[in-house]
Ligand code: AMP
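For reference, the chain that follows is the form predicted on its own, supplied as structure tokens.
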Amino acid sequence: MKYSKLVDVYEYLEKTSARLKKTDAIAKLLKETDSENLPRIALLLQGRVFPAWDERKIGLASQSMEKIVSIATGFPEKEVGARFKKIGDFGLVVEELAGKKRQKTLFEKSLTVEKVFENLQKLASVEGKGSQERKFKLVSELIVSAKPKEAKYIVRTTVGDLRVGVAQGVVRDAIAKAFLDTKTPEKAKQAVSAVEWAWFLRPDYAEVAKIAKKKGLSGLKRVRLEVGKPYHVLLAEKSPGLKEALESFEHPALEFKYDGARVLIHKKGNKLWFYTRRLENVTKQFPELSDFVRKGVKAKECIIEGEMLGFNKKTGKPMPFQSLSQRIKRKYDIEKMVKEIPIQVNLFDVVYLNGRELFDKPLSERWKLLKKIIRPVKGKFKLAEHIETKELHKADEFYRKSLAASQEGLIVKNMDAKYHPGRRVAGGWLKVKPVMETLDLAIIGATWGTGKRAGWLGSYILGCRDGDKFKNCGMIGTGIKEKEGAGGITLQKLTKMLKPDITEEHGNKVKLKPDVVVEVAYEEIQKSPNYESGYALRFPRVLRIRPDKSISDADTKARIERLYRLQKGKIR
């Protein structure tokens, strides 16, 4: 299959913002694609060459592209870099330069989808001495053989920034339209639900598209969990408060909302796999968890869920998620990290047991089954803190116990509810957390944006007062609009306000004289050695600019410390 056919669709998708038109274009392409290329096309439409859960990554940063484009087009690296700084998109840079490239191949052949896919997949397996050069060669070989528009999308796919506006929901709807009966609203709804269900259990639209084409609606409905492969987990909705959460269910259970990482434990005989809720395979990163499971799980085959906490080895106290995330991301020095950040796993659900899916069982039954197959490993591997009550005073006492244990709050669960993977289900799980006060902070640094944000400052460093200095406490990129008319401050206006305050510029990063104060909301405050203040805001977002406040009115490090202790239940 010619790569140009896919590129024509990319071009159309980039130019249209209408979701239905995008869906129609993708459905038409999928329908016309042969069975062998269908998985490749399904992935490439998402800017991928591996499923989201696959450990293999292309492994080329955008910085490498400057050299690759130079090799492929013959233009000096400095010129490529200068054009990128101006345009903010290596795809557009290579499209422009490939049109007048100084190196021409003697025998140009049409690029195929197979060739592009194969070369990009090979990037993940190139290792050892000279690996960088071999990777550069794999990509530059494609660019040299490509027409300008083809080169644009090869580069964008390589750096993971396709920019054609294809969300997962569009791919889902397109698969339904391409291979299933969607002639009536009722049939269309049924088709989309079947595709979505299959994707929840097999998070790979390449595989789902193949099933839809070969086996149709009934084949999608027959998709089941597979031990060893990840799935999309059930998620909790926010509740306004503990009282409202209790009143939502006839038979509520309360569990600690741990400040850790969701872990999916797959066991099949002696084989074990561990995944995060983001579908990351972390089996190698947590070797001690294998020991816990072999000692503590009395089932031949199962999939159980829990929350993994990191602990301070000196104090024995739980560490925030940000510390545990160091272990999740670590690929080397695993044994060193095992000693530095020991873990505890708190188990709360079982969704598969000895050949049977348990989605249709109410939580009350799943909890009983879980208790039967778990043999706790003291202090390391145990059932989650769990009580069942409708009484507010008991629930409040349990809530305070969670906060005092440095956890985030509670999850209130409906014991009558079934498990629905991949969704926040009404009548399922509700999370209750303290409502945090907003902070007024100064913008003390920023990064120049790329792509649609080129020419604007896009990510901002927030600072709190500490004496006569400002110390960073987080980075923010959300809560600021790209366009006028959507309400709130725009990137363009904020950039205009901040430009006069630039004191230093290094590459795409700038330092700013503290001058502009913003009101910031956030999910929680965490301790962090990566920030000068010692604290980091988790999921911060700008609520508004505070022109009424001077820099002397910005919040202090001391206030952040107090709020940190308050959220952990250490201040009453």
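Residues carry their position along the shown sequence, with the first being 1. Keep in mind that what you see is a predicted model, and the values were worked out from it rather than measured.
Just so it is clear, the following notes concern the form predicted in complex with this ligand, a form of the same protein that is not shown.
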Can you tell me which of 169 to 177, 250 to 258, 288 to 296, 497 to 505 lies within 4.5 Å of this ligand in the predicted bound form, counting heavy atoms only?
250 to 258
Can all three of Arg277, Lys413 and Lys433 be found with a heavy atom no more than 4.5 Å from this ligand in the predicted bound form?
yes
Could you spot which one of Arg222, Lys243, Lys452, Arg262 gets a heavy atom to within 4.5 Å of this ligand in the predicted bound form?
Arg262
Interface check vs this ligand in the predicted bound form: of Tyr153, Tyr460, Trp429, Phe381, the one with a heavy atom inside 4.5 Å is Trp429
Does this ligand get within 4.5 angstroms of any non-hydrogen atom of Glu307 in the predicted bound form?
yes
Trp199: touches this ligand in the predicted bound form, heavy atom cutoff 4.5 angstroms
no
With heavy atoms only and a cut-off of 4.5 Å, decide whether Phe348 touches this ligand in the predicted bound form.
yes
Is there a heavy atom of Leu235 lying 4.5 Å or less from a heavy atom of this ligand in the predicted bound form?
yes
